[in-house]
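To begin, one chain is listed below as structure tokens, in the form predicted on its own.
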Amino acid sequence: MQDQTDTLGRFGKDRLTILSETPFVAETPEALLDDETTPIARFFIRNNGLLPAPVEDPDAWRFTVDGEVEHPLDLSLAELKSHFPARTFRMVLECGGNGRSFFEPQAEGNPWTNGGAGCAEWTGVSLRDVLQAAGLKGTARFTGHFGADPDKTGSREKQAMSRGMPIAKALEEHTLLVWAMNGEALPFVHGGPLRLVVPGWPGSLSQKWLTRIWIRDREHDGPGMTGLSYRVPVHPLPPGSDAQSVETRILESMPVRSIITAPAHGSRYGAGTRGIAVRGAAWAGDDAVARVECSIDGGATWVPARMAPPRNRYDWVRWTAEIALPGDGYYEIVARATDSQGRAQPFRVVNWNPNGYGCNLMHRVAIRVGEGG
């Protein structure tokens, strides 16, 4: 435990759960996601390769935009800051494998629970503004993203991850080239001095240590785009199936999810407690959260939660609910969010896939009331 604490301390992290040492991956327990804006110390870490070399002068960092553009760009971070209007949005960043540990049988990859997500204030420029300056050709269809991090073997000849998105997503106002997080210079472990943030879609698109955006006339085929990587079956599979020959699609908008941030799992209350306050967060990829409900009887009845309005698109919704308890004992609080398309979180996994993407099972928290609970 002390070794984990020391490792997290080197990254400036507070009580995260380490899922992998190489590459380094750590998630945030749900009870530590109780802030409206996730503190940097409690923001999850997902690396696909090793860390790049340290940066001595962040403003001198350079990146290029090339490919299907009229005017290829080669900009320093200082030039990016001075040439384009800065924007700040509070937005959720979520790993595509968030919830993976709930799949049965077990899926490949890091065993995320619900802690592969956080909601920070990101400051940068809209990628749209930069692409407009570069002048997209009529043949521009897709982006390809490149970073400075070596792959997990330490090779700098291979990309640790190189994903891309359709031009329409790249041109959304909220897709940012980011240099600040929560009002501070973007931490190195989170991709500083420059990264992409592509909200609502898997975090693997939000390239850290960004060095290049390649505009392509076809779907990008870099690491993380082919085979079963960040792809899900077009048609449902029986759990445990071999998916090597099935038709797949790219994982795009993330599914609706809610988490309970208080009370924490395992909380105890004094005898005679007959009501508790429950609170949490919910988000829904490209869509909006329509409602959040809680239950203590396995879904037989539901209590609607009050939702605070989000600050901007892709911000999470903070919610609260008052739960009446019929007596002392053991209870499981379940939270269910429903998105603006009418899609609700399921009680049990219905979208099994071999790499464990998009599992948004309802979050459950157990509590005990009284000595006999």
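It should be emphasised that the depicted structure is a prediction, and the values quoted were computed from it without experimental measurement. Numbering starts at 1 and runs along the sequence shown.
The protein also exists as the form predicted in complex with a small molecule; that form is not presented, and the subsequent description refers to it.
- When the small molecule is considered in the predicted complex, residue 124 lies well away from it, no heavy atom lying within 4.5 Å.
- Not displayed here, the small molecule is approached by residue 204 to within 4.5 Å at the level of heavy atoms in the predicted complex.
- A residue is said to contact a partner when one of its heavy atoms sits within 4.5 Å of a partner heavy atom; residue 305 fails this definition for the small molecule in the predicted complex, lying far away.
- The shortest heavy atom separation between residue 43 and the small molecule in the predicted complex is within 4.5 Å.
- Taking 64, 48, 37, 338 one by one, only a single residue has any non-hydrogen atom within 4.5 Å of the small molecule in the predicted complex, and it is 48.
- Proximity to the small molecule in the predicted complex, defined as a heavy atom within 4.5 Å, singles out one entry of 77, 93, 215, 284, which is 93.
- Each of 161, 190 and 230 comes within 4.5 Å of the small molecule in the predicted complex, counting any heavy atom.
- In plain terms, the part of the chain that comes close to the small molecule in the predicted complex, with a heavy atom within 4.5 Å, is 196-204 out of 196-204, 247-255, 265-273, 101-109.
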